[in-house]
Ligand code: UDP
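For reference, the chain that follows is the form predicted on its own, supplied as structure tokens.
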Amino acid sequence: MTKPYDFLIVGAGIFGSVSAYELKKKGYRCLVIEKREHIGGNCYTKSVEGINVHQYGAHIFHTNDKEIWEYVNGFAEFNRYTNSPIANYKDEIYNLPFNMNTFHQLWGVKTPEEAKAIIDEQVEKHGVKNPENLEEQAISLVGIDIYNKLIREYTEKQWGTDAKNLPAFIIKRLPVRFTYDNNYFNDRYQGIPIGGYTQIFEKLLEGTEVRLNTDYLKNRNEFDELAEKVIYTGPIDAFYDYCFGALEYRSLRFDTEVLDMENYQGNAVVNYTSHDQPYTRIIEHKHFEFGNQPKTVITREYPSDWDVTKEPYYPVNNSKNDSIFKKYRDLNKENEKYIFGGRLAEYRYYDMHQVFGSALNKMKRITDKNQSDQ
């Protein structure tokens, strides 16, 4: 007897929504179920006082992939927003990423030669030949001043442990520029959708049945009977009932408030890099879209320990967790019914454009295979 759907898609974030859109184009019958009360996953935006609020932290789209950029622009018009965060260390203000503006603010230098000389001297004095942890790696890249003011305490807040306990690879790609360029990303394409992200998901899911407030794992057997195949975007350890143990994450808490003023901090993103504040950054949402509303909305982000009752945000990709993940991944190698995708199912940190690309590639492989099998 034919099942009512070809694909059951668990999760209405990027991977699930793109999958639904691409499969629907090919004529497949899809049902999308979502545990939350809204679509869009962590990219969900909500209008508050006429300001599009990023409900789960700042999401800035950036990519070097022209095809991905053109794909997302097919669902919304993007503005020219450039991510240029500010760091606040004990009320001292610095530009990020580390560039000539930062070096001038730190040391009063004006030329790349002067800045390089100071960094090289500090690296020589404090650095190590073979860094074994994050602290050693950071000092060997940028010296002690930048590490102490802009890296150490912020990182310890973010990860909930001493920097010496963190692996060196976390910070190996630390951006350092000897130009007066405050653009955080090097990618060619960058921006924020005018009107927020939610509209993109509404268009991706248009014409597809979506059920919100629906927990797949609570009624898994019943849902599995509805479709020939299941695309699962939730936590892979939860899918297998934590049989090898729970994978570790860091979580976040968001404290959002409306302020009766036009401009609170003058920038969309301000990082607080000392232990003086328990939050890591304050987001002022209107600046993502150059808003001039009479009020403003800010969100303080507080990193927190994670347990299975909290939302998982950042995978802790150390050797212990990576070993556990591989065991879960190997369980599905011979089973063609279940398809895993996205940051939680693949236990890796993804930028948005990477999830779009991953979903598009995987759906192409699936539809091409189905076509060749017919």
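Because the structure is predicted, anything quoted here is derived from the model rather than measured. Rigid core (definition): largest C-alpha set, two forms, superposition within 1.5 Å. A residue's number is simply how far along the shown sequence it sits, counting from 1.
Unshown form predicted in complex with the named molecule; subsequent notes refer to it.
Annotated contacts: 100, 119 and 176 are all free of the named molecule in the model of the complex [non-hydrogen atom within 4.5 angstroms]. Although the partner is absent here, residue 297 lies well away from the named molecule in the model of the complex, with no heavy atom inside 4.5 Å. Looking at residue 134, you'd find a heavy atom of it within 4.5 angstroms of the named molecule in the model of the complex. The named molecule in the model of the complex is not approached by residue 249, whose heavy atoms all lie more than 4.5 angstroms from it.
For the chain shown alone, residue 139 is not a contact residue for the named molecule in the model of the complex, no non-hydrogen atom being within 4.5 angstroms. The stretch from 240 to 248, 111 to 119, 202 to 210, 167 to 175 that comes within 4.5 Å of the named molecule in the model of the complex, counting heavy atoms only, is 167 to 175. Screening 184, 75, 189, 264 for any heavy atom within 4.5 Å of the named molecule in the model of the complex leaves a single hit, 184. The contact with the named molecule in the model of the complex, taken as any heavy atom within 4.5 Å, belongs to 96 out of 282, 230, 96, 106. Along 146 to 183, residues 150, 151, 154, 155, 158, 159, 170, 171, 173, 174 each place a heavy atom within 4.5 Å of the named molecule in the model of the complex.
Once both forms are overlaid on the rigid core, the distance between the two CA positions of residue 173 between the shown form and the other one is 2 angstroms or more. A movement of the C-alpha atom of residue 134 reaching 2 angstroms or beyond is seen between the shown form and the other one when the two forms are aligned on their rigid core.
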